[in-house]
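Shown next are two forms of a single protein chain, provided one at a time as structure tokens under the names structure 1 and structure 2.
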Structure 1
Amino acid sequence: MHFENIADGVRLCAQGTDKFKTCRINISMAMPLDSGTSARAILPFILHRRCAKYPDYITLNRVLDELYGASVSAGVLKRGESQILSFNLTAIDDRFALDGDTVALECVQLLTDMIFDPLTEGESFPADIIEQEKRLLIEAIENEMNDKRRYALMRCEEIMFKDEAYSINRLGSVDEVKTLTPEEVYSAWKEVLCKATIQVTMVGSMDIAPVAEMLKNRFSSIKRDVAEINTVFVNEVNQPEYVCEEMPIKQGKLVMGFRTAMADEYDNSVPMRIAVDIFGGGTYSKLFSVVREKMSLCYYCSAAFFSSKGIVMVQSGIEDANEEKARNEILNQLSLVAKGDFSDEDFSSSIKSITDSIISNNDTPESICAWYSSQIFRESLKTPEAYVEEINEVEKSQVVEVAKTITLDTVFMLKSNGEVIDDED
């Protein structure tokens, strides 16, 4: 693994390998979740479709074709209380290029052209492009709201984290997007270039030296003042909050949010991952084998651990009449894990499932790139193999101890209002 600081708050991470026929490049740019989230959320989608050098679909696709059919994509992620703008490019590996073409270097050049030199009009982005991208972003936000399972999770997060930045949607809000001006988006772009924590991650057989040199030249003209990103970890819970809403749906959605005693995302995160997996991970888990299969209290029921915030979220689809039974049994199964009431087979099954999942990150350039780009805030990168070693060293007693710290904070129930609809839950 090549690891190099390019500029203040900017680093290059490259995994050299000749296992694959393609290479993968990711540029991740992290900013705090705050009032500027909506303006920043629109940026990746504007920037990856055009730039000053390639101002329209035809010219951009022509250069992608020349790069042996390379493909580019963009997205927005939330990790802890940070918003991460992501740019991805997949292309043929340099080993298979003709006449010694340096495809990876040219692809990084293209991505940096998009990010550093977008299509602008003075101190603004073109108004027609902004309006087009605003419509698409609003549609993406509304699609999430129309997905009832996703909506229920988002509402639980809004309630649970109402006094924390984590409650902010990574894409912003419809109302904020509607009022965005080309000038505001341009200002957000300038701010990201100066203040974002940035990681360039590459996977392939490319020569890293010219890539590093090119990136250093790109950033040399920017005065960097990296924004501080701090995620709040709350581990004190008073009385759990309960909120119920009604909608025209056929299947109720129960979401339960839990806090842990984690002080940061690395504090007991390894045994906590195992505890949550035994609680609500695979088919061996308490929520699946008991709540879903044995007791038939729900259509689906699973728990997810978010180490970047130190929280556990349980999602289930239920009949409205089973809400209290399901809620009580979910809590009961958690208490059993905290008492160590799970078999050695359950423990070993969880370890194997988790380690298999981790090792599978080595299977494709995309998954390797995602593995390392997700570590944008780590001072040193951890390989999948190193993480597997940590998982295998965890003892059952450690899992029991961390399970005791998982405490219910918020319950959100989305139930039917009695209207008959054609709903695909």
Structure 2
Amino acid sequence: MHFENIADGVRLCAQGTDKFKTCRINISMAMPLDSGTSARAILPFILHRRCAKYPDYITLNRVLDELYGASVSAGVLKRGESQILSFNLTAIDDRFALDGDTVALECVQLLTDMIFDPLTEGESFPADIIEQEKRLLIEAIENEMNDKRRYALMRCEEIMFKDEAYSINRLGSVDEVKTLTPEEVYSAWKEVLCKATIQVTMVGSMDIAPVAEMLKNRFSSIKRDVAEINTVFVNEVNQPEYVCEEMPIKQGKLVMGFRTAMADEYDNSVPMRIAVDIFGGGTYSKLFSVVREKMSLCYYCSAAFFSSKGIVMVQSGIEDANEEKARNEILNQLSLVAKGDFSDEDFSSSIKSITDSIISNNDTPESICAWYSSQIFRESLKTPEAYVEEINEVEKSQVVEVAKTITLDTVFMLKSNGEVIDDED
């Protein structure tokens, strides 16, 4: 792995390899989750569809077609209390170009054109483009409710973190997006270039030097002033909150949000990952083997650990009538983990499963890129192998200790309002 500092708060990480038939590049730009979230959320979508050189997306898409179907995607992620604007590019490796083209470097050039040299109009973006992108972002935010499992999780987060920045939707809010002006979006773009923590991660056989050079040139004219990003870890829980909402749906969605005693992202996160996995990870976990297999209450019931905020979220799709039964059993299974009531075999199954899947990250350019780009805030990057070593050092007693600190904070139940009509054929 090659690391290089491009500018203040801008890092290039490159893994040179000819193992794959493609190259992959991720550019991640992180800012604090705050009142500027909506104006920034629209940026990656605007930028990845056009640039000064190719001012509309049809022209740009045709250029990408000629580059052997290279694909550029844009997205926004939430990591702790940060908002990450993310760009991904996949192109074929130069050795498969049919006429000796240097596809990969051209693609990187294009990607940097999109981010640093967008289509502008004076000190602003063209108004018609902003209107169109606003429409698309609003639809994207509104359509998040279509996936009920995801929607229920989001609602639970909104309620659980109502006094914390973590409740802010990474895509912003519909009301805020509606009022965005081209000038505001333009200054958000300027701000991101100057203040974001940035990591460029690349995997493939291409030369690293010209890419580093290209990035250095881009940043040479930007006065950097990196914004601080802090995530608040709340360990105290008062009385757990319960919220139930109704919708015309067939299957109920139960979400239970838990807090832990973690002080920051790295505090006991390795034993916590194992504890949450034994509780509700693989098929050997308590939630899968008891709530699904033994009690046949659901098709899915699982727990996810978000180290970047020190929280655990349990999700299950159940019949409304089984809500209490499921809720009680989930809490019961958690208390068993916290009492150390799991076998050495469960413990070793969990460690084997986690390490096996971490090592498998080495086998696709996408997963290697994702592995390193998720470490954007780390001073020094960790390889999958180094992480596996840490996992193997964890003792059962540590897992029990951290499991004891997992405390219920909020329960959210999305129920049917009885209005679903079955299909008639």
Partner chain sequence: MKINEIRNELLNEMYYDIDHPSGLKILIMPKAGYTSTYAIFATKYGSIDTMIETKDGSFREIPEGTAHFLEHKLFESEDLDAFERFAKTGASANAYTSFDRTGYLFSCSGNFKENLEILLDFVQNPYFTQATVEKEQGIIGQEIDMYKDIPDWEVMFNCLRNMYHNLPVRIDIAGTQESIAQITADMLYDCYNNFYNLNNMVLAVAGNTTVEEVLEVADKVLKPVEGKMAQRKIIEEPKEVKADYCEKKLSVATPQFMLGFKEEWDTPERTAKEEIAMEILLDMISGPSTDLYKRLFDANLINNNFGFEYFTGFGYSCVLFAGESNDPKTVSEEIKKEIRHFREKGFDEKVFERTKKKLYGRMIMGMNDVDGLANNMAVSYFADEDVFTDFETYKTVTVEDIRELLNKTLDENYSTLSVILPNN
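Just so it is clear, the structure is predicted and the values come from calculations on it, not from any experiment. Rigid core: the largest C-alpha set superposing within 1.5 Å between the two forms. One-based numbering along structure 1's sequence throughout.
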Quiz item: Pick one: which structure is the form predicted on its own?
Solution: 1
Quiz item: When you overlay the rigid core, is the Cα of Thr383 off by 2 Å or more between structure 1 and structure 2?
Solution: no
Quiz item: By the 2 angstroms cut-off, has the C-alpha of Ile311 moved between structure 1 and structure 2 once the rigid core is superposed?
Solution: no
Quiz prompt | Residue shift check between structure 1 and structure 2, rigid core fit, Thr59 Cα at least 2 Å | solution = yes
Practice problem: Could you check how much the CA of Leu297 shifts between structure 1 and structure 2 after a rigid core fit, in angstrom? | Solution: 2.4
